[in-house]
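Just one chain follows, in the form predicted alone, and it is written as structure tokens.
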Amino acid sequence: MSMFGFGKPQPSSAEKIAAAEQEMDLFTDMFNKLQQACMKKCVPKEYREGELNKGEGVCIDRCSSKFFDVQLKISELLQAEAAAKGATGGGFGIGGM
């Protein structure tokens, strides 16, 4: 809080827990999407051995790397768009929409 009481209010414990739960849900969802996409692409439906072979392991490594690269680019684009909307007043007024 600032010297004159104009600072941003601190979140309560319940708000912190809710934010942490939401972050965990988003992380779990992203992991499940990654796992489904890369397993579908890289691992055949019929298993021949208990361990991944070298080709499957390399495929999963590349797939997961590309997945995270795309997620990062999408995040950057959404942040830039949100910042642009914030700078222009949310798209309302002169030059908006």
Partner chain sequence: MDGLTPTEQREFQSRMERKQMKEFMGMFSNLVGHCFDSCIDDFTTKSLVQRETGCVTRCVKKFMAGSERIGQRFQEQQAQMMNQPPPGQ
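It should be emphasised that the depicted structure is a prediction, and the values quoted were computed from it without experimental measurement. In this text, the rigid core denotes the largest set of C-alpha atoms whose superposition between the two forms falls within 1.5 Å. Positions refer to the first chain, counted from 1.
Keep in mind that the form predicted in complex with the partner chain is missing from the display, and what follows is about it.
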4.5 angstroms heavy atom contact with the partner chain in the predicted bound form for residue 84: no
Within 37-58, the residues that have a heavy atom no more than 4.5 Å from the partner chain in the predicted bound form: 38, 39, 43, 45, 46, 47, 48, 49, 50, 51, 52, 56, 57, 58
Threshold 2 Å Cα movement between the shown form and the other one for residue 69, core superposed: no
Displaced residue check between the shown form and the other one: residue 50, CA, 2 Å or over, core reference: yes
